[in-house]
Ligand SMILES: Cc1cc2nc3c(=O)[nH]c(=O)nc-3n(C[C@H](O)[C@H](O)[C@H](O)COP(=O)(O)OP(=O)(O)OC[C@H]3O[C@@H](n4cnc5c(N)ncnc54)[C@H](O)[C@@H]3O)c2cc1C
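There is one chain below, alone, in structure tokens, taken in the form predicted on its own.
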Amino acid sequence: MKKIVVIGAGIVGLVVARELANYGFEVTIYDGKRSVEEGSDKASGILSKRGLELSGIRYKKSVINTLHGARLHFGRQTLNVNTEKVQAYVLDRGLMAKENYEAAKEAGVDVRLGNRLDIEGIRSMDDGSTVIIGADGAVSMVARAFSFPNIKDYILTYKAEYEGKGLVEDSGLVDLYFSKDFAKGFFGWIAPYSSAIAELGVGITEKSKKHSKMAFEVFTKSADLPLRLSNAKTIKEHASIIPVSSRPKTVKGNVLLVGDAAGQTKATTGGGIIFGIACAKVAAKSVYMNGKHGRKLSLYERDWRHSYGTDLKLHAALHSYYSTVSEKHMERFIGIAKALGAESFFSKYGDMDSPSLMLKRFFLRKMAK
């Protein structure tokens, strides 16, 4: 059996390592972090209920809130998507990382934390037979070490957690704010952790040539946020970078990229966990089929794009649309969509992860009439 080296002990790295260990491979993970929880709160923890259930990962101990809907604000228009059922969970990303670290260890994965590898160290592992998997995030050292083509589009985010009375209007609803005044190429958000704690954040395209903290400061002075933050105290804040386009190539020889390193993220929200985990499973199966049946490892590229490429392209198309059209146009569009029953449709058939599934539901609904 081949030896496997995974670079990156985030959720996706831990999942791909566990899957490979369950196939019978000898798997070692390297990460510069001293603990798997380290740095995990840089990313937001909102994940769809359906996506988590399909992922097969451990997450139940890390749930801190449930969400049943969202309000999307476009200037003077607001699109309300509200259901009675739980649609998503807010997770403590540190606890989630710990749960999946334990699952990887139970499967027999050798997790070596506190081992930060430079480019030469990563290259030295390529002995022609060892499979190297880069699960090391948006700015992937593995991708640099083996000269993979660059990811073209990134979003810069800045977020802070606040606690205070009057901060959270409804602990089951997320608010998304679309405005080029503070969120060029993305949006601002308020995600409730509880009735008194919420995460506020904003994202901007890296092409805007601005610092995300500047955009965040403008965001917190917009709409009703000054009032909502008047009695709130800051708990912690973070900046991060998120890929919103796929890397043109994600496999070279015995080297594969997964998750954010491959750009397997939703361009609409920057979420990478659900698609990253799905593609990690594809990667693990590709390695298994290569070792067991001699199937070309390069087919990993075709396999993950065949399974998830359509949805990722649809997310990219939606992101491109709301990032480029004028706010007046969006206001008119949302007004028309509401008049046509968009709120009711999305409340009943909406899916955070799969636009293609929503389209199928839409056409089946039309055919049934």
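Just so we're clear, the structure is a prediction, and the values are computed from it rather than from any experiment. Throughout, we count residues from 1 along the sequence that is shown.
Here the subject shifts to the form predicted together with the ligand, a form of this protein not shown in this document.
Within 4.5 Å of the ligand in the model of the complex, a heavy atom is found for every one of Leu47, Lys159 and Val258.
Using a 4.5 angstroms limit between non-hydrogen atoms, Ile241 touches the ligand in the model of the complex. The ligand is not shown here, but in the model of the complex it comes within 4.5 Å of a heavy atom of Tyr30. Although the partner is absent here, Asn115 lies within 4.5 Å of the ligand in the model of the complex, judged by heavy atoms. Residue contact check for Met141: one or more of its heavy atoms lie within 4.5 Å of the ligand in the model of the complex. Shown without its partner, this chain lists Trp189, Tyr101, Phe182, Tyr288 as candidates; in the model of the complex, only Trp189 has a non-hydrogen atom within 4.5 angstroms of the ligand.
For the ligand in the model of the complex, the listed stretch (226 to 234, 241 to 249, 288 to 296, 78 to 86) containing residues with heavy atoms inside 4.5 Å is 241 to 249. Of all the residues from 9 to 38, those having a non-hydrogen atom no more than 4.5 Å from the ligand in the model of the complex are Ala9, Gly10, Ile11, Val12, Gly13, Tyr30, Asp31, Gly32, Lys33.
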